[in-house]
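Presented below, as structure tokens, is a lone chain in the form predicted alone.
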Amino acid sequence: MSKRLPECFIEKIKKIEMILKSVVDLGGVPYLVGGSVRDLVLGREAKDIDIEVHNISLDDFELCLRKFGDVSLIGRQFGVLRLHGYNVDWSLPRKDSIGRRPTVEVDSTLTIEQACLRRDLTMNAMAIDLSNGAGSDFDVIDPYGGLESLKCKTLCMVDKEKFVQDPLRFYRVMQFVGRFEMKPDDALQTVCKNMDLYDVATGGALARERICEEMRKLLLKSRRPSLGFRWLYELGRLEELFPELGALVGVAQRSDYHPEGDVFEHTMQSVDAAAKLSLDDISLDEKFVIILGVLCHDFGKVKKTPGHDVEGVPLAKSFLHRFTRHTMLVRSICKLVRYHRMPITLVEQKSGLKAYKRLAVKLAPEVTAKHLYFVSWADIRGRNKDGHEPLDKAFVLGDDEIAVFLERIREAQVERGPEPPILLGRDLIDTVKPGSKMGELLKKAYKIQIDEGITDREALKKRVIS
């Protein structure tokens, strides 16, 4: 059955129409493949364009592309090329051996059905023939039942033997459960419950960076990323893979503050609330940090409730080190965990503006008071006693306080970072040589500036050198 291409996608294809025509003139057949086909079928924007070209050699294909600009061989052995100036990944069909680092055989004679066999899930194993360019109608080539799996909202393997050979596919299922709110069928569920998550070929563990990539997609592309973690729990592998999260299951909370149930339920609802944050005020990277901060914020409750902010920091580090080596990311999350209770605390204590300024200094340079506000905002929305979705508007406990916190950090002008120091090294150079002594004086001056509200440069200078 023919479908109509969205106008926005037709425009993208028109930009490469001459390239497609050149490929066809050489006897090649260009297919749109992978997630872009899935997204078109679902009516979602297909941001990435992956085109697989059949019936043409790699050398001839490379020469064809070079007529339109500079070409990068992202992986010649994988048959993957990139034409500069075009947001398209070009590839040739290939056969893979087992393992995370497979031996690859580029084979342009493969049929599209044979090429799709190497895909992980049936919804990703569909293709569209682009030989006719940007025509408004298309037929989905669906050799393994991807359309049916999308219709039934069921994740299905293309080939069990190939699936278990790549443990990263397990984590892809996790993020697809969250992103598309689909459930694995019985066969995939059984495989994921029992499959070894070590590289079949090398016997080594998966690279943390690869897991982080799937985690990032889960947290940033899902309406309800909690579904991925809930699936791990249902599968019986949450405690094995992320023990810091698994330990939250069954940890009781005060029912008057947390009618939703245990700490795990609260965390899952809070994460889903954070996933709703708009990108109007924050970047995608900032949102990733905030959602991870929310995911980790109550880890310390497995040890103690008062003081769980402090107790949670080492547990957050342990959790994050399972999938990232990014030091700045880890430090950012730990700051959010350590200070996540401060917004409510400062408001309840009716603290003055200098307290908000001191908090901003403690958070810097990794995160800001605005980031902390978003963590607290999500925290108080994860308290729905009547379901698993976060509250659209929090109940009376916390909502007013967090609104006041936002007003106060704006009033203190520390929403986006700490107050800049008035006294700088150049102001002391006529009195003190650069070095540790100058550093101590500048630190003292900044403390006086924050604590006493002194913003006169000369007055600060006199205070520290007197």
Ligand code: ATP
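Note that residue numbering begins at 1 and tracks the sequence as displayed. Remember, it's a predicted structure, so these values are computed and weren't measured experimentally.
Keep in mind the form predicted in complex with the ligand is missing from the figure; the text below concerns it.
Colleague: With the cut-off set at 4.5 Å between non-hydrogen atoms, does residue 211 touch the ligand in the model of the complex?
Modeller: No, residue 211 sits far enough from the ligand in the model of the complex that none of its heavy atoms falls within 4.5 Å.
Colleague: Using the partner position in the model of the complex, report whether residue 304 sits within 4.5 Å of the ligand, counting heavy atoms only.
Modeller: No, residue 304 is distant from the partner.
Colleague: Answer with yes or no whether residue 217 is in contact with the ligand in the model of the complex, where contact means some heavy atom within 4.5 Å.
Modeller: Heavy-atom contact with the ligand at 4.5 Å: present for residue 217.
Colleague: Report whether the minimum heavy atom distance between residue 134 and the ligand in the model of the complex is within 4.5 Å.
Modeller: Heavy-atom contact with the ligand at 4.5 Å: absent for residue 134.
Colleague: Let me know the one among 368, 124, 324, 384 whose heavy atoms come within 4.5 Å of the ligand in the model of the complex, would you?
Modeller: If I apply the 4.5 Å criterion carefully, the residue I get is 124.
Colleague: I need to confirm a contact call. Of 354, 221, 153, 95, which residue comes within 4.5 Å of the ligand in the model of the complex, counting heavy atoms only?
Modeller: Only one listed residue qualifies here, and that residue is 221.
Colleague: Are all three of 229, 240 and 298 close to the ligand in the model of the complex, meaning a heavy atom of each within 4.5 Å?
Modeller: No: no residue has a heavy atom within 4.5 Å of the partner.
Colleague: Out of 275-283, 370-378, 257-265, 174-182, where are the residues with a heavy atom within 4.5 Å of the ligand in the model of the complex?
Modeller: It is 174-182 that comes within 4.5 Å of the partner.
Colleague: Using the arrangement in the model of the complex, list in sequence order the residues of 154-174 with any heavy atom within 4.5 angstroms of the ligand.
Modeller: Contacting residues: 166, 168, 169, 172.
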